[in-house]
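One chain comes next, on its own, written as structure tokens: the form predicted on its own.
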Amino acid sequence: MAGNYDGKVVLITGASSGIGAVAARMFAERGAQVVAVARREALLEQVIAQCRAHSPNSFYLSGDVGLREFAESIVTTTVDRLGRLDVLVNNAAVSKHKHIYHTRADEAERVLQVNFLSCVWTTLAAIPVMLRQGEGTIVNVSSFAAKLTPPRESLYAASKAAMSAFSEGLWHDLEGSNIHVALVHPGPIDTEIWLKEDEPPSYQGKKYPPEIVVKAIFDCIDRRRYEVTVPQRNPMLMTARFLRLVLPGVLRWGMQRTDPVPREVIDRARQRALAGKRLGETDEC
């Protein structure tokens, strides 16, 4: 059971739906003053209305954390209005499920800005605040894809792997500061991200509710845990990790069988390359 968060200030990015929206509500129910951040203002209004039923001082900030100026400003605004920042949850992310042949360089840049650099920008802005307070917690929501990259997920997985490596470095750099950094790796979670994929996902297995990720976030804060994968002890995830470490060739074979690259995709990509086109310049471009 999560601890009491009365009076605590919690800043959550990617809070308009899915994990972020559930986290905002659950923190508010435990007494926290929540600052919810995302681009979709109409959805943020609904989330904060639910939060204010438990925490009247909660508010939202609408904007794009993929822009450095805005990402840094949400920390400043939070402290200006509420006086402190106890917990920063870097949860904002955009999906990118797409064959590399179809991917443009600007798409790669956008994924890294939102999924990784936004985390860096907010964290660098939050650390001085937490140093002045003498304490604070930063929870970075990564992905199981950072540990094991599925087909058509190279850019998404790379952005989350960068977040994971950044977090692990902070474990050492912030030692002795009383600023705790935690890393949460969700597996297949039932959010709207599955509806936003550029190309149809091959995964047809069970999807877990966002609440299990939020409970992992609380666990990281309350018990000062450094790293949690959810769902825990999931046979599929455990088997995949084992194969990645011990039999990587078998894992690659299995993934290639599960989501093979169609021959026509390669042939069309080669034809575009022969015509002098860049990656992502498809037949429709």
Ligand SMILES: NC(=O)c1ccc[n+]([C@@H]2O[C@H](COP(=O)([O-])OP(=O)(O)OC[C@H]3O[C@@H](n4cnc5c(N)ncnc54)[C@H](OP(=O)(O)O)[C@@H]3O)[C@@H](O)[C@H]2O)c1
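Just count from 1 along the sequence shown to find any residue number. If you're wondering where the values come from, they're calculated on a predicted model, not measured in any experiment.
Only in words, not in the display: the form predicted together with the ligand, which the text now covers.
Judged by heavy atoms within 4.5 Å of the ligand in the predicted bound form, the contact stretch among the candidates 169 to 177, 98 to 106, 84 to 92, 124 to 132 is 84 to 92.
Scanning Gly63, Gly31, Pro231, Gly254 against the ligand in the predicted bound form with a 4.5 Å heavy atom cut-off leaves one residue, Gly63.
Though the ligand is absent from this view, in the predicted bound form it lies within 4.5 Å of a heavy atom of just one residue from Val75, Val114, Ala157, Val139, which is Val114. Contact check for Arg244: no non-hydrogen atom falls within 4.5 Å of the ligand in the predicted bound form.
The shortest heavy atom separation between Asp80 and the ligand in the predicted bound form exceeds 4.5 Å. The closest heavy atom approach of Ala38 to the ligand in the predicted bound form falls within 4.5 Å.
Put simply, Ala23 is far from the ligand in the predicted bound form: not one heavy atom of it is within 4.5 Å.
Residues of 167 to 192 that come within 4.5 Å of the ligand in the predicted bound form, judged by any heavy atom, are Pro186, Gly187, Pro188, Ile189, Thr191, Glu192 in sequence order.
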